[in-house]
Ligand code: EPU
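Take a look at this one chain, the form predicted alone, written out in structure tokens.
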Amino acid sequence: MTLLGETATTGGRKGGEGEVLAIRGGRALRGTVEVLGAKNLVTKAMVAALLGESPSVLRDVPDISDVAVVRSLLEVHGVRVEEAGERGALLLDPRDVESAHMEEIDAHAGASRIPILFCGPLLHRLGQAFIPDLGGCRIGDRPIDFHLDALRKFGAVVEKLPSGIRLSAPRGLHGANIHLPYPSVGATEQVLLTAVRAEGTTELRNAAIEPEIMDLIAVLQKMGAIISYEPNRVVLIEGVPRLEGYDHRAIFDRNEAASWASAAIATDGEIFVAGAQQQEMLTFLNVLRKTGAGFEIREDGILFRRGGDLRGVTVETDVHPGFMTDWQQPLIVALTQAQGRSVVHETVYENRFGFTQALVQMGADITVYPHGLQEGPRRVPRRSLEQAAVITGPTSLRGADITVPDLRGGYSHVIAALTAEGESTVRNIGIIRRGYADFLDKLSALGADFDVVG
């Protein structure tokens, strides 16, 4: 492969979202990759530092673009952020928090949706907050209504402007009883980050209980918060008048771990994912076992391999402890190499199978049912937005010209190109840097054959 330089701010070789890879496929990926802190925890723990009256230290922070966005947003608000000695450690000092201009927030937020989670902490610290027009991956509607409704219940005043949304708390924030219509991860994070400093007790029902949520609760408890959770997705938060900084090592990124596992299986290779742990991967590992894929759980990580012929499976995405929606996209690439018929029911987002069009172009046999499938017993209740994909295999994939649509879909396209015979051109790969640290370096270490061409 061709090396074109390094940068410390984009997690690997330089370039933006328009970066292009020329990939020569047909080679098994073999070797070791290390996963650091979860994107879905690290960025939220960085925001939580705003709530403290003293500095925080967050460890195992990955070098990804989403972290860079949150760092710049914190710095715009007067938070001092700097490396804290060891690799992947950040010091976050919020003692000089100040208001930021709308234009600055908008400029630094880019396409990220993270500014919505700044609202609670900023309302506590400054009495006001601003949310620009929100971006993010185009995988579904992802409305922020859950967030705004929750903030209103805490006593926030929401004012919609042409440039975004301005929030204020003229009478402070108070505890609330909140029942989420869906166990949204983002809305649960919003409630946690707002309730810990609100006066009184907050009861949150139908909360998300993902491992990253539990790790955020651990961060907040280290800061002085009082949070308990009960059966049936009920979380109780007793507001406290003051929080201090934390010192915390982030939970590993199970999404990245599952992605490299799927890459090993799709390319008929063998990848040891250092840092991956069994407990958080339990549901994913169960599905792999049903496919016939092999894995070996070790104290310091998990080894993944194809291990023989793959079998088709049926998968239903769901909130934790179900099968994560972020896992299905790379898995579908592996399922193109499985014997027989696989069915993936996507019940979380309504537009997450768009990436399969490129796989069909490459020779995969995939049919998407935009209104889902009625057939067969279901564990996850049907949702009106759900879709289904039927994958029939095994099929030989061939090189193609592909444009990355979103984070997980983009990763899946790269792995499909590495699985395919011939050369593929994969455009817009900078999106992948949002969630995969040192992505090109890791591909190189695994023996991938590619060049950065633009």
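Start at 1 with the first residue shown and count on from there. Since this is a predicted model, take the numbers as computed values, not measurements.
Missing here is the form predicted in complex with the named molecule; even so, the following discussion is about that form.
- Contact annotation for the candidate site: S184, N255 and L407 all lie close to the named molecule in the predicted bound form (heavy atom within 4.5 Å).
- The candidate stretches are 423-431, 389-397, 38-46, 25-33, and the one lying within 4.5 Å of the named molecule in the predicted bound form by heavy atoms is 38-46.
- The shortest heavy atom separation between M324 and the named molecule in the predicted bound form is within 4.5 Å.
- In the predicted bound form, at least one heavy atom of D145 sits within 4.5 Å of a heavy atom of the named molecule.
- Contact annotation for R125: none of its heavy atoms lies within 4.5 Å of the named molecule in the predicted bound form.
- Shown alone here, R305 lies farther than 4.5 Å from the named molecule in the predicted bound form, counting heavy atoms only.
- Listed residues F295, Y229, Y349, F272 were compared with the named molecule in the predicted bound form; Y349 is the one with a heavy atom within 4.5 Å.
- With the partner omitted from this view, the residue of K222, R71, R113, R233 that lies near the named molecule in the predicted bound form is R113 [heavy atom within 4.5 Å].
- Within 4.5 angstroms of the named molecule in the predicted bound form, the stretch 356-395 places a non-hydrogen atom from each of R383, L385, taken in sequence order.
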